[in-house]
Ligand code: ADP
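A lone chain, given as structure tokens: the form predicted on its own.
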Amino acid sequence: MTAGTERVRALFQDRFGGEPAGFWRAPGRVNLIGEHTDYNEGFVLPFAIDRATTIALSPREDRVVRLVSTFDDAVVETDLDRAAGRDFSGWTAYPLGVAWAFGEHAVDLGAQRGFDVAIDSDVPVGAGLSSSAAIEMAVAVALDDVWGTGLDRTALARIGQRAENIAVGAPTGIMDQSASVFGQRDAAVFLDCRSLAVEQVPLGFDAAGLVLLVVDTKVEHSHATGGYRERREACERGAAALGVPALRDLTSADLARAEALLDEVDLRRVRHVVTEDERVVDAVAALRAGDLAGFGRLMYASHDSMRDDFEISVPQLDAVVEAAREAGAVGARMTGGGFGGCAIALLPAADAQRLGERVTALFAERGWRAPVPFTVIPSEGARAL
């Protein structure tokens, strides 16, 4: 039994009494490359990490829903009728939003039973590792099991995204939920965000003696706030001006035309997304060819584009990437929606601790909050335990 399972079991027993019907687990994710391409119907390349949300859940005989978590141990009580009416608040919007979103996928909520659920997570909140999707997908796979809905993994990812967009109010794409449900060990999830086609791409990091170091800068962000929304609106304006359904439909050859039609800011936003889509495709080709050096160069180019064209980096993220570059890391970039969160670096396993120590010292020198460096392992996706 994992530490997360032990924590939710104890919390469930303490608050609700008895044993839960089962335990479910869904991981967070790190995005290797492909940032802000998802809602532009483009390509992304995340993987599921070995940090996850674990839940204990039991169906009830009535329609009451009771929720408790290790990050807010007060029991919240509601019912499926209120969830169906989108009566959400606080952190419970994530699990209750998932229950509501099942009703958006031809599941008759009026025929379902309520449930008791205890939630624990070791995915850092606000770090760009998709702690929200981990909660959503753990609840989604659990309800799919106990309600017997028989939905496929793509439908569960859509349910999580719908909960995020409507119940939580964050205008995110479907990458995070897809990475959480489709993850496999030692592989990345190559997702076409238009067709939702998924391919598993072997990474080969371990065989090459490489690890992925994550540095949580402790600069917190929120997707429900303005910067993310402004970038999305700029992309929509760019697609409309260029006469395409989404920026996915453009290539670098279209950027000269974009320059004539867009103001300077929107042009840069469009240029990032167009070139980032191309970098994702090139990155997949590099991984399949075993060209990890080429893959690393694409990581650095991705960060430069996010810093300069999309303007979603912050000094702390730039400092991690530059420290990684100076240390000879294969590649490095910020990851997640931006404005804070984490940076990642691909480097030899023997060098990871040294880079973490260098970044920690650098942050102290500059008077920044102490970062938290840790390595992550490409791991299995959402499942019953």
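It should be emphasised that the depicted structure is a prediction, and the values quoted were computed from it without experimental measurement. We call the rigid core whatever largest set of C-alpha positions still superposes within 1.5 Å between the two forms. One-based numbering along the sequence shown.
Unshown form predicted in complex with adenosine-5'-diphosphate (ADP); subsequent notes refer to it.
Using a 4.5 Å heavy atom cutoff, none of A324, C342 and L347 lies near adenosine-5'-diphosphate (ADP) in the predicted complex.
Comment: 132 to 140 is the region of 132 to 140, 257 to 265, 149 to 157, 278 to 286 lying near adenosine-5'-diphosphate (ADP) in the predicted complex, near meaning a non-hydrogen atom within 4.5 Å.
adenosine-5'-diphosphate (ADP) is not drawn, but in the predicted complex it has a heavy atom within 4.5 Å of P124. The closest non-hydrogen atom of F88 lies beyond 4.5 Å of adenosine-5'-diphosphate (ADP) in the predicted complex. Contact check for S69: a non-hydrogen atom falls within 4.5 Å of adenosine-5'-diphosphate (ADP) in the predicted complex. Although the partner is absent here, Y94 is a contact residue: one of its heavy atoms lies within 4.5 angstroms of adenosine-5'-diphosphate (ADP) in the predicted complex. I119 is the sole member of A188, V215, A163, I119 with a non-hydrogen atom within 4.5 Å of adenosine-5'-diphosphate (ADP) in the predicted complex.
A movement of the C-alpha atom of G341 reaching 2 angstroms or beyond is seen between the shown form and the other one when the two forms are aligned on their rigid core.
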